[in-house]
Every structure is written in structure tokens, then in C-alpha cells.
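The chain below stands alone and is given as C-alpha cells, in the form predicted alone.
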Amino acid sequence: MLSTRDLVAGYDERTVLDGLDLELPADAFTVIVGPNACGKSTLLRTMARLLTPRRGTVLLDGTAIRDLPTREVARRLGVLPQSPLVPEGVTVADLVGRGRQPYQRWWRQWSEQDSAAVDRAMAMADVVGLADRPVDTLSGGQRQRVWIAMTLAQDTDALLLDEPTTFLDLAHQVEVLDLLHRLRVERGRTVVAVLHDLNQAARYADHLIAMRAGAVVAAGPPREILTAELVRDVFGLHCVVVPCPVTGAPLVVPGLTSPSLAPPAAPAARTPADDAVTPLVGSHPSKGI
């Protein structure tokens, strides 16, 4: 269980989150959505202890996260930030293996359990074939899947992921979100992700948080809170919300912003007069043509 109490956070002189009280349900897939610069990543970074709050508290299972040892936090909370830096020359297998660092001690070096965790994580993220490749030679999408594998190798009860589908093509976006969904359903993991795609958020989230200007506008199951009014209030976008034909989840269909996008007008209906036979010029009704 992750929660915040009177959380205030920001950068330099700018306050992004001001007095935020929030509870994220355990064993659920929570997705945070909102327009750019609304505080989504700031919230995730503060909950992950990557950003120190100016005031307030982040609680992990009821304990202030700032009071927990770093290694213990790393064993309980896996974090994938935006655009992590790749160490020069490191291979995929080496980078994924770094997810096991929280379990290493001077008296406990690499074990079969670590190898199994790395192999499992690489298989789940579909990067086994890249094991010996230097990470800095990979495409953006491949690199993103490697970082996800490293996070999975930590084998934590909770995962915080900031835009995990960045750089991925549509097929791999679906694969990653399916994977996160399975971790929640089959292994009881708590998953928290920032996503930009509202329809993907509605499809996969058990709990949706909509933010605007550093505040939570609405929170709850997508089928209960995701409405055309909410989308207009949060994103300033006129739309209609209809059931997805595949899952039944809310599906956001933006309204038309350009008349040229409108479908062509239907042809005028024919009348009986249109269907009457008109004799050819010069013909006579009593003669063949």
C-alpha cells in the first residue's frame, strides 16, 4: 500500500504538488493520467523516493518511506523512471542483472536464485535474444524493454513505472501492458504507471487517477469516473465516451476539430421520378430503338 499525506513537492522555486492526500490500492493496477506538466511524474518520483518532498509524507505499508533503509525500499519497490541513463558499454544481460543488487551482500554473492530471476525477467520482457548486445546499440523500443526487464528482476511486490510504453510500437505497448496486467492478476503485484494514452489506461487500470495542475481531479475505477465531462475538465478536449467493443471499458473518441475530417455527406435519396425511364431523343414510344 502506497499513500501520501499532505504532500508538497516541486523543483527549485516551483511547487508542483501542494498538499496532496492520496491512497493507492494494494494488489491493483493504478494508472495516473493527465495533461503535460500536471504533476504525474513528480508524484511518481516522490513516491519512489527519487525526489525529496518539501513537506508531508509518503507511506509504504503504513511506514514513512524516508525512514526505511534504501536496500529495504529497493526490495519492496521497483522503479522505472523516465529516460534512465544507460551505462556505457554494458550488455543487456549485465544491465538486467543489476536489478538483483538489493539482494547482494559481501557474504552473499551471485546465486542460482539471481540467475533464475534474471532469466525470468528477460523472458517476460522479450529481450532474451538481445542478452549479449550492448545496451547503447539498441533502438529506443528495445532499450525500454531492457529497462523493464531490469525492474522485473528486482522481484518486488510493487512496481512504479513512468511512461513504460515510451518508444514502443503499438504491438510492444500492448505486450508490456499485458505483462503488467498479468503481474497484478497472477502474482498479486501492485503496479502504478503513468500513461498518456487514455484508452490504454481505461483498458488496463483497476484504479484510475486523473490529475490537473498538481491536484487529483478524480480517482476510482475507469468505468465509474471516465466520462466526457472528466476528459473535458482535465484535458480541455471535447469527446464522446462509448463502451469498447472488445472489453467494454470506456473508449474515448475525440470530437472533430476540423470540418475536413467529417465523413462525406450521404448521396441524396432517389425518388420514383429518378427511376422512370426517359425515352431517348428522337425515339418514338411505338417504335424500337
Partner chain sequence: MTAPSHPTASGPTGVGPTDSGPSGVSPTASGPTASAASGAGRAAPDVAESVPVTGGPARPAPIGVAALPGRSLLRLGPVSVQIRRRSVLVAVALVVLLLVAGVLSLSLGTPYVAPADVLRALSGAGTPYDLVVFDLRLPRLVLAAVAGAAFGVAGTLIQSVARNPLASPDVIGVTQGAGLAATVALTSGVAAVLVAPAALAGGLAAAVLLLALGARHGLAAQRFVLAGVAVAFALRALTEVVMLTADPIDGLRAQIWLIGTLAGKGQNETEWIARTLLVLLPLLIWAGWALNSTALDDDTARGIGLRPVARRIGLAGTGVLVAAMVTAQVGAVDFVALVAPQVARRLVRAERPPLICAALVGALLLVLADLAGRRLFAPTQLPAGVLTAAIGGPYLMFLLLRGRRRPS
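Just so it is clear, the structure is predicted and the values come from calculations on it, not from any experiment. Numbering follows the first chain given and starts at 1.
Note that the form predicted in complex with the partner chain isn't included here; everything after this is about it.
K.L.:
Let me know the one among A158, M124, L168, I209 whose heavy atoms come within 4.5 Å of the partner chain in the predicted complex, would you?
P.N.:
When the partner chain is considered in the predicted complex, the option within 4.5 Å is M124.
K.L.:
Does R76 reach the partner chain in the predicted complex, with heavy atoms at most 4.5 Å apart?
P.N.:
Flag for R76 set to yes.
K.L.:
Consider D233 of the chain shown here, and say whether it contacts the partner chain in the predicted complex, taking contact as heavy atoms within 4.5 Å.
P.N.:
Flag for D233 set to no.
K.L.:
Do E72 and the partner chain come within 4.5 Å of each other in the predicted complex, heavy atoms counted?
P.N.:
Yes - in the predicted complex, heavy atoms of E72 and the partner chain come within 4.5 Å of each other.
K.L.:
Given that the partner chain is not shown alongside this chain, does G214 nevertheless sit within 4.5 Å of it in the predicted complex, heavy atom to heavy atom?
P.N.:
Result no; G214 lies far from the partner chain in the predicted complex.
K.L.:
Based on heavy atom distances of at most 4.5 Å to the partner chain in the predicted complex, which listed stretch, 79-87, 168-176, 200-208, 214-222, is the contact stretch?
P.N.:
Partner-contacting stretch among the options: 79-87.
K.L.:
If you check in the predicted complex, do Q104, Q109 and E186 all have a non-hydrogen atom within 4.5 Å of the partner chain?
P.N.:
Contact check passed for all of Q104, Q109 and E186.
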